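Heads up, what comes next is one protein chain in two forms, each shown on its own as structure tokens, labelled structure 1 and structure 2.
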Structure 1
């Protein structure tokens, strides 16, 4: 067994152990902390699977932004843990559930191991058209060209989620500042970080979007970093979240899919097909779409994390 293999096995065991901890931990807070660590470990697994784009997304969104959301929720829900624990199903039911889940996992493992290797793939087809698109990262080509319809709809999913989250405000608070009322200003250290980090974060985010055409990175990863910067600034209370009635906020939310749709509809006219790029124009159009998608993701994710407005508009 080589060193790399030993490390892989160690990593897999660690991921499983932390996942088990997340499920089994007695306190919900410990469970959430376990989940954040789990997400980071999982990004390492993604790197080992030659999926650096996914690793970046998992670290930024799956672990990072989700972690912020879950930690703030678990603190507010602390009182509900004891009553819920009383509803825990009995040993027999849990044993039955465990048996069922073991069977499913074992069957799944068997099925996956039995799959042909090398398996079915679209890699050659995906690689064939990179030249005409002018991008070097095949994942970007899949997301913004071959399956751009999925990506556009997925951004619509995010917008519906924002509307869903906002719809949980009370009637009187509609239009007000997004997110819960916050207590006293936090300690200086956080404010210091929130002043220092964003300029750096913005540079890193733009870099990641820009190189995303040819290397790992892209709108989702870059947008998530921008969102993280916004969240740090909001947590340090350097500035208030925007009021949800603001037109500019709503424009930022829909900019990504809107530009996608405009380019898509223009495609009807010039190359003759919805969402198709005219020859020679693919690269600039892809960058245009990526830029607006980044903006929209950077606006959407913090709105989903901080939740509905908790005070009336001014």
Structure 2
């Protein structure tokens, strides 16, 4: 057994152990911490599977943003945690849940173990038309060209999620500000981190979006990094979140899907079908869509994490 194989086996066992600990943890906060650690370990697994795009998304969304959302939920639900913990399900219900989990795990294992070798793949077809699109990354081609309609709807779902979160605000707070008020003195270490990281994060995010046409990266990864930088600044209380009634914020939220839709409708007039790119214009249009999608993602994710407005508009 080589060193790499030993590390892979160790990583697999560690993923299973953290997953089990996350399920068995009695406190909600401990479960969330386990979930975040589990997501980071899965990112390493995707790297070992040479799926760097998926690893970046898992680290940014599956572990990062989702982890912050769960921590916020735990804080809001802390008063109900003790009564909920006292209501333990019966033995029969726990046995049924364990049996169902075992059946699902066995079915997934069977699917993986019984796959043909080599497995079925559409990779050759995905790479066949990269030259026509002007991109070198087949993942970008799949997301923005081959299944672009699905990608556009995914961003629309994010906007609907933000609207759903905002709808939880009381009538008096509608249009106001969410999140804690800025303190008189920002917290020292966190404030230093919030001043140090964002310039570096912005450069990294722009680089990831720009190289996404030919290398691992893209709008979702770059937008998630920008969102993380915004959340760090807000957590350090260097500034407050904007009022949700601000026009520039609402334009930023819809910019990506709107540009995506405009380009798609323009396809009827030139190439002759929805979301089709004119010959020679595919890469510029893809980069245009990616740029505005990055803006929308960077605006959407912090709004989801901050939650509904809890202060009336000024």
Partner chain sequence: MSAAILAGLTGAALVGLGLYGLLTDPHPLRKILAFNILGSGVFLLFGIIARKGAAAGFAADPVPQAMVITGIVVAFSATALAVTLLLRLFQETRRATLEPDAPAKTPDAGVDG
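Numbering follows the first chain given and starts at 1. We call the rigid core the largest set of C-alpha positions that still match within 1.5 Å between the two forms. This one's a predicted model, so the numbers in the text were calculated from it and none came from an experiment.
The form predicted in complex with the partner chain is represented by structure 1; structure 2 is the other form. Core-aligned CA deviation for residue 200 between structures 1 and 2: less than 2 Å. Taking the core as reference, the Cα of residue 75 moves 2.9 angstrom between structures 1 and 2.
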